[in-house]
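Take a look at this one chain, the form predicted on its own, written out in structure tokens.
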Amino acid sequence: MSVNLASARVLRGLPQAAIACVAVVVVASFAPADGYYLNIFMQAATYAIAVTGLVIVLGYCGQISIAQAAFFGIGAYGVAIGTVDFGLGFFPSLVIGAAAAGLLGLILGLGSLRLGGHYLAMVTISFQQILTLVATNWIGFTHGPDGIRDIPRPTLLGFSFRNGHAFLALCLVTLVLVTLCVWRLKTGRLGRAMQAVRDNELAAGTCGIDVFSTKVIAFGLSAVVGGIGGGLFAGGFQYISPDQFSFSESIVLLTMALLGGVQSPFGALVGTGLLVILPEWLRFLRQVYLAVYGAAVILIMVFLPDGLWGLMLERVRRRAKPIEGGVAPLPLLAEHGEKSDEIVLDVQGIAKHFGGLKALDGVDLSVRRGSVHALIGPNGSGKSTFINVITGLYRPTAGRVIFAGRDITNSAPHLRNRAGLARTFQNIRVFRGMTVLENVMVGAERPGNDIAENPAAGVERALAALDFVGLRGDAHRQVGALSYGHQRYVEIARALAASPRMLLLDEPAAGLNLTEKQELGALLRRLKGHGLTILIIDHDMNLVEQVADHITVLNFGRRIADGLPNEVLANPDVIAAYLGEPRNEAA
């Protein structure tokens, strides 16, 4: 059933793409064959392709790039130099230009994406400026400030695109195909991984996503799409020069993306059309049209932070209907396991020092299969540091972590997740730019999972996880619209959808009211009945007593007690750690 559903989605998309391509060809046939208005349409079409590329890196992945005009220019110079200087065909030159842009995008990503925020913006600005200087001064290769003229338009299978109508149709068809591909990317596994990285890198890594590689791929794809737009721009105007791909043009492309809605390729179309065509519509205002145009842009950016397309999309989401139909339950619900003596997680002498502070100091801990193991201790005892070391967010100063018989001490967070280690966070880390269903699908699609390569099965697994936590009816809601307690359940559902070997819960009851804590306790007891191995950290002793088979107590980074719940909770050292040393009344 899952394979048929996935095939049906692909088949439904093919007629839509064909209809869109036919429509834009018809529109192009009514456009002026040459002159000023043809140039306006040509600029809008080619710029929209470049802006769509910017949607990938900025809108999907959340990485600031102010160098899209540079990749646009690389594609343009690839076509111009390939056809004029080397006598290559237009399409081979277009492929070379796009590939060169993609390669430089990957290199820029590899060299700079360990940075973030304004540091990354500065690196991309520097790259943009360097490319402009190279295009201006490398006269023997780029022809310098004079630019390259008489760039030929292509012929394909005997059909000539030298006519203005024909080449505009080519640009529009390419724009449609690129837009559909980028839209499909967003709804696919890679697109969801990019959005997860955008919203929360730490949570993305612990969901099995290789954060660094995802960023680099986003930069490379964005550059390739920008190069395609630039190559078509060169053929459309048949002349290019360095000033057409300057820093100011990168700002224009960025503004187009932000105005239309940077998180959607359709927003890129809206923003590009607005910035290219709106000034032409306002020319009847004569001297004041630029002021009116600027004011309109400012008002849209201030009052519509998600862009014009974001406004329309929000109205569509409000009308979304709940997903109906049954799905297979989570695989773990088909299992019935009792706790055993087999050790799933073996922590040996783990230490973590922050300068002179010993947050963990030689902690040993063993978690047995099918058990619920509680790690407790007063505030500042090192509990969250411990779970961050186990999941790879911190590298230990000393010690070893053995999971399922494998040493994972130096493994990255995404590799630990792929090995079957899933977690939630003390401070909720959901992907706020995504729906509830998309959040849980990120967990279901972790590499190494049995359904990672099957989108339809990923939907079913995510819905099954939401069924388990009681949030199926909220599947299409933005996760940020849920209550605090329900967002915690989304985190748990996301972890369960990955079919983990072991689940680590970092203070899951924090911030919940009494009713929500009771529901959480019931949910954990259900998981326990199906043999899932759980390590839980929490301050709520009532919850711990309800679900724990074994308790370990930390204080000042050291283990002070370990054993059965009734023994540990009656231990004088544990009581003293929570309540303080008993006072000497005689003194």
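All residue numbers are counted from 1 along the displayed sequence. Everything quoted here is computed from the prediction, not taken from an experiment.
If you look for the form predicted in complex with adenosine-5'-diphosphate, you will not find it shown, but the lines that follow are about it.
Within 4.5 Å of any heavy atom of adenosine-5'-diphosphate in the model of the complex lies no heavy atom of residue 183. Using a 4.5 angstroms limit between non-hydrogen atoms, residue 357 touches adenosine-5'-diphosphate in the model of the complex. Residue 147 falls outside the set of residues with a heavy atom inside 4.5 Å of adenosine-5'-diphosphate in the model of the complex. Interface membership of residue 391, defined by any non-hydrogen atom within 4.5 Å of adenosine-5'-diphosphate in the model of the complex, is ruled out. Checking 383-391, 481-489, 266-274, 435-443 against adenosine-5'-diphosphate in the model of the complex, the stretch whose residues place heavy atoms within 4.5 Å of it is 383-391. None of 248, 379, 160, 137 but one reaches within 4.5 angstroms of adenosine-5'-diphosphate in the model of the complex through a heavy atom, and that residue is 379.
For the options 187, 129, 255, 426, the one in contact with adenosine-5'-diphosphate in the model of the complex, meaning a heavy atom within 4.5 Å, is 426.
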